[in-house]
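Below, in structure tokens: the form predicted alone, a single chain.
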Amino acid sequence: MSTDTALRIDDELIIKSLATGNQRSEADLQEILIRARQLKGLEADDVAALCTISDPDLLKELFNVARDVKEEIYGRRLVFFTPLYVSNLCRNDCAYCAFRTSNKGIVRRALTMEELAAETASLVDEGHKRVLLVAGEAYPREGFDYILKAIDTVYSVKRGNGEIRRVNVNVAPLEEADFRRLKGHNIGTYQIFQETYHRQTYGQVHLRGRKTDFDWRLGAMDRAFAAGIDDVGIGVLFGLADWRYELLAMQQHIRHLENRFGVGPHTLSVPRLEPAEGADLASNPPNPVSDLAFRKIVAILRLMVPYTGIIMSTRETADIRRETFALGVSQISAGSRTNPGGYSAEDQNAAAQFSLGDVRSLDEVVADVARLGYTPSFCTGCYRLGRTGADFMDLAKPGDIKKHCDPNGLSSFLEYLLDYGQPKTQEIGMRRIADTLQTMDPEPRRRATAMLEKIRQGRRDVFC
């Protein structure tokens, strides 16, 4: 077993917090929600207590507080991205995943750089500016160099006014030296999920391959930070273990990173198990999470770490995604495919990693989000100006990040509308931009108005 991280999930502390949470009164719960509005986060006992809420009035208050906290820090923006799968090669045997090595029913492939360029071109032509590059946990003959070449290829594609401006990366945990190489290729966020923090459950669902080493995976973010990557994303695959345990264990992971490196994760992801070809467990989760419990998870996470982005993927249906926008979600995928070649291949769902709940196009989701009163954002300004790690958190924690993100969000949204939006989407979007400007404070409104005018005059990639 690897011992390169000081982090150990404290099961006894989690059990104690859950027991204490069950004993909290309604008055205690109200007091926790009042404190949550102060944007300081929550302690483990507070998180455990909020997990017990079932009273409809308290649930409504929990959801309202989560909405208010999210909007205080991030406003009514939703940042858009899409996953870009480059390979389904894998040496691991994860019981919930279609890419598992024992699944002989799928065709294995790793995109050539020419195929990857075509995939990227398809995404750029739809209007995407951010992608999450995803690979199975095995590489073609050139090894990890394949991933580095893939990143460079994505960045190299230019189509008229379009390009991918930020490549986030979800690949197997690396040695510190390879994390340094990854950082040198201009990535945005490095993302990896523990899947489940419950060690016994982890061992039951990870049957073969390097991923069987719980501690190696748990230490991935420590090695990433040590290598100079200060923008990371963690997550849990909900449905494997008790969701209440997972929240408290994730909190321990966050606190560990904050205490050791001074910075917590930039994003948290909350995927639920969805059916996957050749993986029966995915259709029969050991600890299924109801829609109500899922909404509570999002809301509690928003209060637990108010400054951290919460990602909602297209695993969920359009209706569930809409509900979570008001509970703390700040980033969403759209127009997603979960198989290599999925954006340009004729059979766009072949060999997918899991089933999708929301199969709408990017433009359909953009129009829906704007119609609901949110601002679709394709901004990549913070990373490109060096506002990552501690610099980002210094702005996010007091809510000052909105001063940059609101103008940038509107600028990138107008760029999308003019270059890629369908006529109806343009109509909805222009109205949303006008309405948003009316609600902004004078200085951000002045800045946003000037940036929007530059976009209308033909400038692109305008950010502050």
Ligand code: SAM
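Residue indices: 1-based, along the sequence shown. The shown structure was predicted, so the numbers you read here are calculated from the model rather than taken from an experiment.
This next part talks about the form predicted together with this ligand, which is not shown.
Residues within 4.5 angstroms of this ligand in the predicted complex, judged by any non-hydrogen atom, belong to 91-99 and to none of the other stretches in 160-168, 91-99, 73-81, 241-249.
Contact check for P306: no non-hydrogen atom falls within 4.5 Å of this ligand in the predicted complex. When this ligand is considered in the predicted complex, R315 lines it closely, a heavy atom lying within 4.5 Å. Although the partner is absent here, F193 sits close enough that one of its heavy atoms falls within 4.5 Å of this ligand in the predicted complex. Among heavy atoms of A282, some come within 4.5 Å of this ligand in the predicted complex. The candidate spot formed by V134, L237 and L273 lies fully in contact with this ligand in the predicted complex, as each residue has a heavy atom within 4.5 Å of it.
Among R255, R322, R295, R217, the residue placing a heavy atom within 4.5 Å of this ligand in the predicted complex is R217. Checking H198, H128, R337, K211 against this ligand in the predicted complex, a heavy atom within 4.5 Å turns up for just one residue: K211.
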